[in-house]
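Okay, so here's just one chain, in structure tokens, the form predicted alone.
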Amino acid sequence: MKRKNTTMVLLFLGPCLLLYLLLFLYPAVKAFFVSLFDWNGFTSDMQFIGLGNFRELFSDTHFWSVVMANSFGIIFFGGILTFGIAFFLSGLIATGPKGKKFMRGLIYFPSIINPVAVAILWSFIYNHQYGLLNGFLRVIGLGHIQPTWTAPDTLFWAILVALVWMYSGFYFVILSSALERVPVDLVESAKLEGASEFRIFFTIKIPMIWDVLVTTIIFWCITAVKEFSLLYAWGGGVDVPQAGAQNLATYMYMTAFGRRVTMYRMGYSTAMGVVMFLIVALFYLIITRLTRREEIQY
């Protein structure tokens, strides 16, 4: 009987395991291997240079001052804004306003828009001459200000606002659904005891959705590290991506394939991919370690 069960397990899991090995594990191991070579990706001429790509990468000032700064900025500042807005909107929807389902769909809507369309939309909003923001400033009599929203020193924050707008609805739906699972009788009991909404939120609701919250934070870190489409499309095809808008994913792509001039440094860009993998793994370990606590059953 036991042998029969083992055969059945292998029969059902075997194809999935084979696909996992071929489509994930083998490319991952291959990436570590390629990162040790100077290779253009199109010929069989691969020159072994050991950790040379990593030494060059860690001495690259653009990599640290722009690429990594933008990547970590998206993770931390983008995460704070995205989860802050998602929790705020979840609290509003939890009060049961009229048209609750419509409002939930409206908030989620930006999450289903193609990132290229989002980049075009926000490029128009930020436009210096006929953009929505500067138009609003002119209407309220502040036309003399009219800043250049996408200037080099503000470009990162301009893109971050678009990113937060695009992702807040997605995390709102997840957190809102988790908050609705919190037993109403516990909340009502706390209110009868005189607990404020603030205390109920942090001492009852947050602990009860802790597993969902940790999962969404990890998912955000992964999404933020590998964010590519919006930043790549931001320049509208003229200068993609702009120098100040590069993060780890876009810089890796630019190094592998070039921008206006082909580059084809596959070994160097693969070293960036390895760094990206290590960052994701590090964040996962830190978050799971810091957020470990006893699970609440209800």
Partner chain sequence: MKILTKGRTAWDIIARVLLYLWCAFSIFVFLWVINSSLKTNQGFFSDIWGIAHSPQYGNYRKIWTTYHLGTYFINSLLIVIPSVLGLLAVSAPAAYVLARKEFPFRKQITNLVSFGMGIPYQLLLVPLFFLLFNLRLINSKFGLIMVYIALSIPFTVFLLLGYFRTLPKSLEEAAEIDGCGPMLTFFRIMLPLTRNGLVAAAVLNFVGLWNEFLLALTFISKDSNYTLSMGLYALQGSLQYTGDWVSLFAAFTLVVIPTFLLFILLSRTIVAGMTMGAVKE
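Positions refer to the first chain, counted from 1. Keep in mind that this is a model prediction, so the values were computed, not measured. Throughout, rigid core stands for the largest set of C-alpha atoms superposing within 1.5 Å between the two forms.
FYI, the form predicted together with the partner chain isn't displayed, but the following is about it.
J.: Though the partner chain is not shown, can you say which of 208, 89, 75, 158 has a heavy atom within 4.5 Å of it in the model of the complex?
T.: Exactly one residue meets the criterion: 89.
J.: Which residue, 114, 154, 146, 203, is the contact with the partner chain in the model of the complex, using a 4.5 Å heavy atom cutoff?
T.: Of 114, 154, 146, 203, the residue with a heavy atom within 4.5 Å of the partner chain in the model of the complex is 114.
J.: Any of the heavy atoms of residue 48 lying within 4.5 Å of the partner chain in the model of the complex?
T.: No.
J.: Although the partner isn't part of this model, could you tell me whether residue 177 comes within 4.5 Å of the partner chain in the model of the complex, counting any heavy atom of the residue?
T.: Judged by the heavy-atom cut-off of 4.5 Å, residue 177 is in contact with the partner chain in the model of the complex.
J.: With a cut-off of 4.5 Å between heavy atoms, is residue 257 one of the residues that contacts the partner chain in the model of the complex?
T.: Contact check for residue 257: yes, within 4.5 Å of the partner chain in the model of the complex.
J.: Is residue 217 close to the partner chain in the model of the complex, meaning a heavy atom pair under 4.5 Å apart or at it?
T.: The answer is no: residue 217 has no heavy atom within 4.5 Å of the partner chain.
J.: Which residues, if any, of 265-287 lie within 4.5 Å of the partner chain in the model of the complex when only heavy atoms count?
T.: 266, 269, 270, 273, 274, 276, 277, 280 sit within 4.5 Å of the partner.
J.: Tell me whether residue 282 is among the residues that move between the shown form and the other one (Cα shift of 2 angstroms or more, core superposed).
T.: It does not, since the residue 282 C-alpha is displaced less than 2 Å between the shown form and the other one after the core fit.
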